[in-house]
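Shown here is one chain on its own, the form predicted on its own, set out as structure tokens.
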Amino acid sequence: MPIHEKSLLDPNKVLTAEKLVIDGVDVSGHWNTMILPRTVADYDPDFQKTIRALPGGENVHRCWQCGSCTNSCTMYAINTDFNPRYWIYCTNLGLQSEIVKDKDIIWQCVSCNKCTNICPKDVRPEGVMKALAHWLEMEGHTPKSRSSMFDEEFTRQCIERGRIEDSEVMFKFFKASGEDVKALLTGGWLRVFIERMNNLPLLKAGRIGAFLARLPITGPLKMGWMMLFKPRTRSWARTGAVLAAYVEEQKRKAHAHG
């Protein structure tokens, strides 16, 4: 099997001679490096199945290593360590340790989908990157992402009530992600958002008539009411229970594959 990546080489297995003569022929220079035979034992033969069971990773087994994904990759143009082809290669070989080594850069995928559009085997590399990132988080190799924190709160409300309450989603997410809500309200983007939502820039600009003409009344009242009395879909209890059971079943299946 050809060695595709230098990172797969054990430095102790690489032998270099300053002067090398074979059968009377001097092969020093570019031909004086030899690689000893190696055996890879720390691989998981079911790792490919684990990634295929995650959303986005279903077609990882189709890859034939043409390199089109990496060649077209937006991030690879900036950071040559970001290599989708290599990670797909490692996934199909079951080399989990190689994926974990790059846990801090797999997340840099910007979902431009150039790799997916150019892939001749419909591997959908962008989806594989997301599946690998999900696996890293699921196995505790990386901290829980902010998007996962938001999704969990959003999903919790949907399952419990069939609807979400915007303010609760936002502030529960802020709490989970460690945001300083007070700082956001006093001088951050949240203050700007609230001011613009209530047309306060018009008032600050002295445009009293325009401010009064666009004075929001029902919106803030409705929002305040929902903050106190959480919206709920009628007859949701049974549906919510079914959804909750389905989510737990999917979690068990994912961990079973892992």
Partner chain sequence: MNDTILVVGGGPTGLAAAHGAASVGRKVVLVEKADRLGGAPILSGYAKLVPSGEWAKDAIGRMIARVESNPLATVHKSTRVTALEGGPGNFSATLSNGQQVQAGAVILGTGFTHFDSINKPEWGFGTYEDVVTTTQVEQMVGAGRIACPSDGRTPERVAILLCVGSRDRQIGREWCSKICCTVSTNLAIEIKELSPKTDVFIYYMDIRTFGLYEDKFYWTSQEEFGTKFVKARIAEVTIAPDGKRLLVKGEDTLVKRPIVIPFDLVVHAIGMDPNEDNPEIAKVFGVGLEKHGFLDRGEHYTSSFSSTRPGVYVGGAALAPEDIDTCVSHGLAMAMRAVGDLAALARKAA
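In this text, rigid core is short for the largest set of C-alphas that superpose within 1.5 Å between two forms. The shown structure was predicted, so the numbers you read here are calculated from the model rather than taken from an experiment. Residue numbers count along the first chain shown, from 1.
Beyond the structure shown, there is the form predicted together with its partner chain, which is absent from this document and is the topic of what follows.
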May I ask you to choose, among V169, L184, C109, L93, the residue with a heavy atom within 4.5 Å of its partner chain in the model of the complex? L93
Counting non-hydrogen atoms within 4.5 angstroms of its partner chain in the model of the complex, say which of M227, I35, I194, V40 makes the cut. V40
Can you check whether S28 is within 4.5 Å of its partner chain in the model of the complex, heavy atom basis? no
For G206, is any heavy atom within 4.5 Å of its partner chain in the model of the complex, or not? no
Distance check, K121 to its partner chain in the model of the complex, heavy atom within 4.5 Å: yes
Is H61 close enough to its partner chain in the model of the complex to count, meaning some heavy atom within 4.5 Å? yes
Only one of these stretches, 173-181, 160-168, 97-105, 129-137, has heavy atoms within 4.5 Å of its partner chain in the model of the complex; which one is it? 97-105
Under the 4.5 Å heavy atom criterion, name the residues of 43-58 that approach its partner chain in the model of the complex, in sequence order. Y43, P45, Q48
Large Cα move at R38 between the shown form and the other one, threshold 2 Å, rigid core: yes
